[in-house]
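Read on for two forms of one protein chain; each stands alone as structure tokens, with the labels structure 1 and structure 2.
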Structure 1
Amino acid sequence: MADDVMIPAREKVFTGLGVSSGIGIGTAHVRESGVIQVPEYRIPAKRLNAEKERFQEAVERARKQVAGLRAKLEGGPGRFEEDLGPLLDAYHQMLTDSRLVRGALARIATERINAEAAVQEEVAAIAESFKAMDDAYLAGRLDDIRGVANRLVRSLMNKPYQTYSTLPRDSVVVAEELTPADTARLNPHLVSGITTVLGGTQGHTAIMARALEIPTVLGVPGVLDGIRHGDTVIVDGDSGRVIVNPGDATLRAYEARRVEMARERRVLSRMRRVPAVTRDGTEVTLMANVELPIEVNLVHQMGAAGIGLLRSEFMYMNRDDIPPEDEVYETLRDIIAVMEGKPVTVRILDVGGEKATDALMGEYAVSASSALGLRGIRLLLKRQDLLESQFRVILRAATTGNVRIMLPMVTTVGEVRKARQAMKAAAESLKERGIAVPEPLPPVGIMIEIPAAALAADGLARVSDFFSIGSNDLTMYTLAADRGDEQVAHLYNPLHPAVVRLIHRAAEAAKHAGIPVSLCGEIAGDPRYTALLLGLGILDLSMIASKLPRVKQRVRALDLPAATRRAQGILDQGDPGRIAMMLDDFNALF
């Protein structure tokens, strides 16, 4: 019978790293690297001149931006000028007179299309003609042309970096790579899944996807070549599978699983109303991490005891300038208000590494884009203007609620002292202007996320009001395995004995010095680790808000003395595999 015939599966399955849980089903939106995707529309004849003028104004704005960047470079160390100067000169030249500018202008007139589309078409035409010439020099120049074209398109859209605003509902974003800033722009109501070729489990792109609750699979070899625009795609963020053009049976199975997961979520949401107390009666503090302001309501709904980590970077992403102090102040004040007196731990800017922002890094961009360079507090101590500006804003906002200040990427006692001095200077300058600051000034704590800081935590505890262990970076730096690189994802393991012992050491130092210690890396939100962390003496965890109910469920199932004994046993082990087994066996008991 015809109905019994199995139709050969058209579906293709790719496998990568499931980094954000859940099942996303939707239509592929393939993002070509290089040129930003913009809408295309026709321009009526009577508006052609206005469109050409709009284009010329955008060229002028982009030229000014490049000239501004060039001028900044001149004041900095010669090395940067040597590296970046010629590139910016080439950009400037191209924005003054080039085939790109002339060609795009001509296309607006002859093809009657909008300026953004004209720029893209001209770039495609240039790429085509370069390809025919097969010349390595020209291939390199094409990158420069694309760089200028992107700048022009952003300038034209007058909404810098808004490249995803036109996505239809139920899109699955497919790309070579998404930066954390790209991910921050995705609208979770429109995007039902993400999959990329590059990216590791604990990079900031993965964290951002989890924060937005978008099912995501990163580090999938071949996925960009294997999916076409418009294909139906299932992203299984738990198993790490990406299924392209699924057959009916697969689709039905995944839809059923999605319904089941929604039901589990509803059941878990009841956890909100019960306290986070272990079986033996020990109270545990569960706070939330915040990456983007849209999460703050969820933080409140999930019954978090406060914000244990406010990653302030979001306010500085996706823009070419530094936001005015009043704008940052208002954003912070609004978040603090939602928390209704619960603690809000504001981390000062942690730019650098994969969270690169040209406007902030300025002349230090080369060093700051390295994970071992001027990241976090290191960059801010070079940019005292930025450091003091942040303290001014946070101190102003701190008068409206319960604020703690946290310093990222601390390595030495001297860095903490200098940061404190900058905070005092900021407080003085506010007072001189008659602006209120909290008395006493807010507590200043530090992230323990560099192995040296964990090893020397006793000294750092003397100058810090609290510790927050950043296990994401601590794991990366201890194991020399980049958290955002899928090629070393198998080495990136928080259960390596070196990482476990460093976490323990930092927690012990805090206890000894009598200061609070929490952990705000991603393992805080994974119930697999709850027993270990509590057993190591960390009774304060901060995580992505949606993870709170499951972790609370784990806390309530645990017996703390038993978890402590198991953690002690784990500290004696040297083999990560054995540690994982000991933890999983223990977890199976409760």
Structure 2
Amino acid sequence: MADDVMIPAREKVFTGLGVSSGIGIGTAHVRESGVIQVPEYRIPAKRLNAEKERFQEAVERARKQVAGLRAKLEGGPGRFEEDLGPLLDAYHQMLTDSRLVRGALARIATERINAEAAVQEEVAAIAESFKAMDDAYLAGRLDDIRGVANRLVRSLMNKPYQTYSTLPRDSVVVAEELTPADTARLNPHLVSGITTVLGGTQGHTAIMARALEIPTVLGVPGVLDGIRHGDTVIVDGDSGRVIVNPGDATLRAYEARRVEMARERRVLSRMRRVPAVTRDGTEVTLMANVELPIEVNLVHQMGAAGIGLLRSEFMYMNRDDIPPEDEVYETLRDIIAVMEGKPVTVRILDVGGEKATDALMGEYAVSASSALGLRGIRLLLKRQDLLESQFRVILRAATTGNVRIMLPMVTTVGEVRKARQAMKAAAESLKERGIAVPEPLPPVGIMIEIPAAALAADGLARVSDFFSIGSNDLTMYTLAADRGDEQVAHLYNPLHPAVVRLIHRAAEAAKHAGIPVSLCGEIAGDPRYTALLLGLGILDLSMIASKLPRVKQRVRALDLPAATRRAQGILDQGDPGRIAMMLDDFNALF
């Protein structure tokens, strides 16, 4: 409904990235730019040591601030400690020893510039080095680096952070950017929406906003200049629109839509208590994808059957070293324990490409920087020490719950066999130290995210305990189209016949081998595709937790034999447009 609203000329409309669903209507609370304008000046040679000391003192103050926030979390609500603890630990690590700190210090010495300018130049250099890797995940990590840099600059310039403790009800927070720590401390009963100039869909700020269920639009050019404190603002987290000083007709339409969405949420909330069963009685398993511990609470709220994809990268990013095994183990153990026996599928490190870090890449950094280079299992087989370390922490944590292990970026049977050998070696080393491991060892499956894996799925099924189809990468690699590149984004289409047939081929191979198959890409969380996926034989879907109720509602409306017949008809088609029409026509019937 909201998408059909006519926007009068006197209203101002901004467009960005809708990262947290819902409609927020309220009064603008404009925060000063999160990126402080700093002076740049030369430092005389005789004052270089003093400037370095000033920088180190600022680093120490920032570390103490982060440590203070960590201490407050430990004495506060458990949810905040779970949500922010790992992130603040990463901030502390970045302030202890990182490219940012080392690089800024080097610039003070070599370029003889003031510390604030050195920090900003180093952040710009880091951003430039990531520029060729246009990826949402990397954008999220870069946001965290900018957050630490901003804290450093504020410390150097003695500019404290604004707080949000006195916000009135129905406030819309408008800012250059929000740190994840800022976002997690917002009260969703007072804040009706968030919009910022910076930020992306996969950053920690976006994840925090979704967990708090605050409608949010990030990455909105010019929004800070276009909104004044006290303006009426509508934040449409679904369409990614921000409307400033809406006219009466627009306001009425959005208020009606918000009432309708509240009614829909009440209906969908009941989905938690009903099974995911089709009209003909077929059970479907709906699980959740998790990137940060904060999302586990939402997994329970949405009634997920478990975690179908736990990304382990968050424990290794934003630091220049490899975290101790005990630290990784404790984090995994806590997540698994909270799931209370529900299955948790842990994907071992999928680093490389856009997620490369120096500590993990080592001598393979050049190859790892390519999306077609050392990524996922390819890199880990080169780094046997890291692979076995991964298996050790997962095996230790697996004694507390129901765990499966997933291998990313697999293309050959040999990769799976070598990984299994590494897991057995890890298990033996733990037993020798008197540390318990699960008996039998957890199931080991693979991600089908490369066309070669889908085409060779019959052979891979013989050495795998399960398949998980990663439709995002499978679509990208099949069509050689990066959806982040506006010049080719229109080519990225999960309904291309090649993609549909590869998904079906993998599902059939799993069926013939008698192993489970799931799908964990974005289309798993879109009700438009539910009938097609079920019709292709995929009865296990994993998605962002907030998407689960709508997909369950769609599952319960479907007749599986009819969906299967339509899927078979779609497999015979050669035109994406025709496939889309056939799917949409079928959806209109159920």
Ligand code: PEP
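Just so we're clear, the structure is a prediction, and the values are computed from it rather than from any experiment. Numbers given to residues start at 1 and step along the sequence of structure 1. Note that the rigid core is defined as the largest set of C-alphas that superpose within 1.5 Å between two forms.
Trainee: Is the form predicted alone shown as structure 1 or as structure 2?
Mentor: Answer is structure 2, the other one does not fit.
Trainee: Once everything's superposed on the core, is R505 shifted 2 Å or more at the Cα between the two structures?
Mentor: No, its C-alpha moves less than 2 Å.
Trainee: If I superpose the two forms on their rigid core, does the C-alpha of G222 end up displaced by 2 Å or more between the two structures?
Mentor: Yes; G222 is a residue whose C-alpha shifts (by 2 Å or more) between the two structures when the cores are overlaid.
Trainee: Rigid core fitted, is the C-alpha displacement of L571 between the two structures 2 Å or more?
Mentor: Comparing the forms between the two structures, which are aligned on their rigid core, L571 does not shift its C-alpha by 2 Å or more.
Trainee: After superposition on the rigid core, what is the displacement of the C-alpha atom of I234 between the two structures, in Å?
Mentor: Its C-alpha moves by 6.3 Å once the cores are overlaid.
Trainee: Where the rigid core has been superposed, how far does the Cα of R265 end up moving between the two structures, given in Å?
Mentor: Comparing the two forms, R265 shifts 2.6 Å at C-alpha.
Trainee: For A106, what C-alpha shift in Å is seen between the two structures once the core is overlaid?
Mentor: Displacement of the alpha carbon, after core fit: 15.3 Å.
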